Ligand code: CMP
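Starting off, we have a lone chain in the form predicted alone, written out as structure tokens.
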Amino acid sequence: MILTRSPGLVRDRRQQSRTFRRCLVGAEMVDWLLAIGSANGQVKSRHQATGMWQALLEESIIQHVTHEHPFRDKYIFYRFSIDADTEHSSRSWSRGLPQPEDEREADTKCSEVLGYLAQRAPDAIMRLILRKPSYERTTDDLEMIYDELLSIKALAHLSNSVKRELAGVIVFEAHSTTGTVLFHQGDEGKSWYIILRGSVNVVIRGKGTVTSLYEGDDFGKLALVNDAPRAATIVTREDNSHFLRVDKDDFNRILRDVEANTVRLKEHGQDVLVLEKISGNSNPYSHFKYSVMSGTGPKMLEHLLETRLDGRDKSLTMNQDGEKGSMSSNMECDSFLDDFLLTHIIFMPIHQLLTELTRHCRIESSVQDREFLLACKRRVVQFVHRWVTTIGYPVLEEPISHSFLQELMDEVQKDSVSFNTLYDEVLLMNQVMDIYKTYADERLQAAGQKWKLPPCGQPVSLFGAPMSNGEDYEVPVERRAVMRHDDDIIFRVYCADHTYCTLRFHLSTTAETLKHVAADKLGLKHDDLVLVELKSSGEKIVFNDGDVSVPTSLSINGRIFISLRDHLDALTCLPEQEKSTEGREMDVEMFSTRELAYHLTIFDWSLFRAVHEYELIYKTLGRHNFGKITSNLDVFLRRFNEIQFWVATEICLTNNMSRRVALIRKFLKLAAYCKEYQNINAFFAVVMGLGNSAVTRLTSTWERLPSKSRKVFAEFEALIEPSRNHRAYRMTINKLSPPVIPFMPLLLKDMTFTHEGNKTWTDGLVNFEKMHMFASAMRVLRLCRARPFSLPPPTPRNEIEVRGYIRSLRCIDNQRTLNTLSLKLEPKRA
């Protein structure tokens, strides 16, 4: 295309008395790529175009004329490798312009190639940055590297400040062939390595290969820490292996700097708070001098109240414009308060926090002056207001909270009259009490709310609400009720012989209680019984006695069984578990795809809105440790699996090949509309359903699909590609504005990654760096829901039918059954 559209780009060029044949200039190459790619939106910036050319350079399609530089958007010469080969072999430059058929083929494939390069560009840019010397890395470069380091397993235990320091010194290293030795046993330890791509063997003399390390693993750090020789030889076991490397001098300097910038506050000879000095590089926008690394709960709360909340009388702190002073602009740049509010339940339960707040606002001392006491009260009020507005009902549903809030309100009003001050605090407490009143009214209205877990695999629904009868479907799904701990749920518990009893209990009832009541109803002895989920695949999951929200945690076609612990192998699935769940048996082709996607998104949004951030903590650390339900999160996660298996089920139950082809095309359009509506959770589910092994093996069906549809599917698969910690997805979602329905399984994976890679307690202190990482993941929910979902609906055709249909989808979640259906459609080829 360059030769036909812009032949002048490729020509002989002269520099420093040397002629370079058939060259291009980097800056002109970027101009050209922007010109052809900006029309359809595939190339959006010079930065992206640079990454696309760098990807081609890494694939040896182009090269620097003297092999000295990566690709740069500058007056630097590059050439296509085929021209370089021609120069070296024959010095013949008679190769003419492409033939017309070559031009047509290039035009046809242009969009596809640009799309491929656009996907490769981010990783190529990252490698480009990592190849730069430290002194050439810009602030944006350092931020990109830091974001990359956040998702690397080997660095999870390091503080964020250390990761920011590493961003300035870590370098990229690649080895193209298998069998390359990175270092030998006995060598001096000079570097620490992290595997980005590929794998290595660990070889010890006399023992051979003792283990292998893979993407995300690290090696070589022990020799640096102990200043000892290498304990093993490291050999690449794959071609084109990529590594991150930190050299010894940089490693030791960072460790020294961290210790030098650490401040430890002690009480009775014991550390109670560990702070780290904030450098201008790590957070140039924060006016706070220290960040909290670890501490006791009470001491961190004290530090927060004293440093992050304003105890001054705002009526006396007017700025030059006559406006009241405010810390809000600075608060937005510092997350300590928000991190504390989102995670304190891990290390300081609500009743303990209320006790500490009471102590801070009721300091009894004849030494302290009145202004100090009022400042303490101001800080507590500001904290409580932020706490209630940020966290909401988990704070308000605690019985002790109401009495605390009422007493604080009364004290603030009394002090306001007595001392002629605290007017702003009275307003804040009025807002808090209004929030509590709204909460109390909603709870009164929802009193006696009951849910049911239908016996044939349908999702949990309100008891008495219609399941799918469109004519009775009056309550909009977007106003779905939140499941509370004291709501009742009706469900079945089965025995090994498939007899069952029906139970009705609070969602917060423990598995132990359910087990004992079910045993009594079924006439079983209580000796060594367990409550277990039996999945349609035959897998058995035993519930802990302390588990709550048991019925909502089931998989799509799972059932609750009670059994002797030693007799679990005797449990067999119910006949209906291997069939599809009960749903409305309607032809999905009768619905408009856009209308289907819209109402799917509306319903999913209602489920997503009901999930509280705390449920992520309960799920990750174990709800039995908190005695708190995760029912809203359970239902939303089930929805993802439901959509995924619905797609695979509908295709595998369609006997006619032409209809299967049409159905796949419809699901591809559905995925595209879900992406357009920013329902990324459903987008992932639909694409993963199409990628189910029972569907992808239908080669004859896929061969009948138009090439354009196959290309769209390939693009969608690239977006959900899990490599580099779902880098493609993360880059996509970072560009979206709310409302967004995120890919919830990945959020939970991030929480689990943080939990398993970092200790909660270090030397008896709360590891607050871990709390910060938890809070960062939890904030995603808030950001995604920052605006209401208010897209205009498509022109209605079958609105009532569609809304009923999407609530209870027909799906088979037994992979063995899906595979059997698939083999009947297209038997294995000989």
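Quick caveat: nothing in here was measured; it's all calculated off a predicted structure. Don't overthink the numbering: it's just position in the shown sequence, from 1. C-alpha atoms forming the largest set that superposes within 1.5 Å between two forms make up the rigid core.
The following text describes the form predicted in complex with the ligand, which does not appear among the structures shown.
- Residue contact with the ligand in the predicted complex: Pro229 places a heavy atom within 4.5 Å of it.
- Although the partner is absent here, Arg120 sits far enough away that none of its heavy atoms falls within 4.5 Å of the ligand in the predicted complex.
- With a 4.5 Å cutoff on heavy atoms, Lys377 does not count as touching the ligand in the predicted complex; it lies far away.
- When contacts are judged by a 4.5 Å heavy atom cut-off, Ile234 counts as touching the ligand in the predicted complex.
- Residue heavy atoms within 4.5 Å of the ligand in the predicted complex occur in exactly one stretch of 111 to 119, 219 to 227, 543 to 551, 387 to 395, and that stretch is 219 to 227.
- Checked against the ligand in the predicted complex, the residues Glu703, Glu267, Asp569, Glu756 give one hit for a heavy atom within 4.5 Å, which is Glu267.
- The listed set Leu428, Val202, Ala519, Ile720 contains one residue whose heavy atoms approach the ligand in the predicted complex to within 4.5 Å, identified as Val202.
- Annotation for 179 to 211: interface residues with the ligand in the predicted complex are Phe183, Val202, Ile204, Val210, Thr211 [heavy atom within 4.5 Å].
- After superposition on the rigid core, the Cα atom of Asn226 is displaced by 2 Å or more between this form and the one not shown.
- Superposition on the rigid core between this form and the one not shown places the CA atom of Asn725 less than 2 Å from its counterpart.
- Note on Val225 and Glu756: their C-alpha atoms are more widely spaced in the predicted complex, a change of at least 3 Å from this conformation.
- Cα-Cα spacing of Asn226 to Val263 is reduced in the predicted complex versus the present form (difference of at least 3 Å).
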